[in-house]
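First, one chain by itself in structure tokens, the form predicted on its own.
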Amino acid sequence: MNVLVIGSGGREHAICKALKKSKLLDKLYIASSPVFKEAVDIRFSSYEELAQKCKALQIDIVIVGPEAPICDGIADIFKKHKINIIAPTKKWSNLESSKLVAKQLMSHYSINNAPIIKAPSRFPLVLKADGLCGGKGVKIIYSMDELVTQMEKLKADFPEGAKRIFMEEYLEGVELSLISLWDGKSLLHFPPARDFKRLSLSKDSPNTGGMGSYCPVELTEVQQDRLDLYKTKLNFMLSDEKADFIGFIYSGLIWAKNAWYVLEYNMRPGDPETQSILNQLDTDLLYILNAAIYQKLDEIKLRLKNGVSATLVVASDGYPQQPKDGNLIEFPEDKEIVVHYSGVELKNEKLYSKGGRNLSITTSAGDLNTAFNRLYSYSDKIRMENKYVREGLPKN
């Protein structure tokens, strides 16, 4: 099979590495990333042009990673050309691009989500921009002064995404990332993962959701039962709404009030959760995606490796506001470490930082402490000026 992956981050690099192992793969293409050596780089100026290139290259499956093409409606364009694409239609991208649309749908199907607050009466509370803000449209607010300041900041930083802003109840608890694949008939759930929520261990640091992850996550019997209940409700919602797409849905969950609450939906795999999940997966990824195309996900039984997989993100100082770019990156080979490229570029065959998150490094081990100790030890060997790595194991 010929496969095209769209995107250039750590998530997409992990997908490429997983696909490269498949016996079903013939040729792998990427749009666009010249640094991914596993795939042939394709450049395009429009989705229509990319669709025509897919036809010429006889692409069997297209996988979309980032939110921008999804929310632009790339799936609708490719479906019109009868190209198999793993991505939601523009209509269903609204679950990610509009938090209020998502809340309305969840409430209709009795899926737990944080109640909206009409007027601030107690703190902390959560301030959210309704639209896309690159993962930076959610703020935890601790005072009235901070509420006013952050509202103005959201409007200034994200004029489109913050056209509508709302407040909701603050829920406290451990979080969980559930990534599922929908084939138009049934859902296949990957093992739950957990990511580092904040830039640092300080509660005042930015909520990036992207500094590390691990998979699987140990749950209590009650948590597992409640998660199974949520999966049933999600499947019913998509079925009842006749969701006519093939694609991923990311459920950002929090354990509060003895139940799982949905904090957000993303209509794509998470980053860096994907890196940990795919490293833990012992089933051919392309086999899974092909089953989705033919609505046979209900026949797939996922196999997982023993132990745990963990991922640590190497970022640039100043991330997420003003990352210090342009730094040479050098790292040693290590058979126990998988290195994924994110915000990087090639200059004279050398790797340089470009963007806030530059690398994600992943490993497998028998337990969480061993895995993260190995990752921290390896991160010390990465030569890069203005390097930043979050310290401490993930407790959100």
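Small disclaimer: the values here were computed from a predicted structure and weren't measured. Start at 1 with the first residue shown and count on from there.
Same protein, other form: the form predicted in complex with a small molecule, not shown, and the subject of what follows.
- Just one of L105, L187, V217, V126 comes within 4.5 Å of the small molecule in the model of the complex, counting any heavy atom, and that one is V126.
- Out of the listed residues L263, L285, L297, I77, L263 is the one that sits within 4.5 Å of the small molecule in the model of the complex by at least one heavy atom.
- This chain is displayed without the small molecule, yet in the model of the complex the stretch 170 to 178 from 79 to 87, 170 to 178, 231 to 239, 311 to 319 comes within 4.5 Å of it by heavy atoms.
- Heavy atoms of V101 never reach within 4.5 Å of the small molecule in the model of the complex, leaving it off the interface.
- In the model of the complex, the small molecule sits within 4.5 Å of a heavy atom of I140.
- Among heavy atoms of R226, none comes within 4.5 Å of the small molecule in the model of the complex.
- Among heavy atoms of A114, some come within 4.5 Å of the small molecule in the model of the complex.
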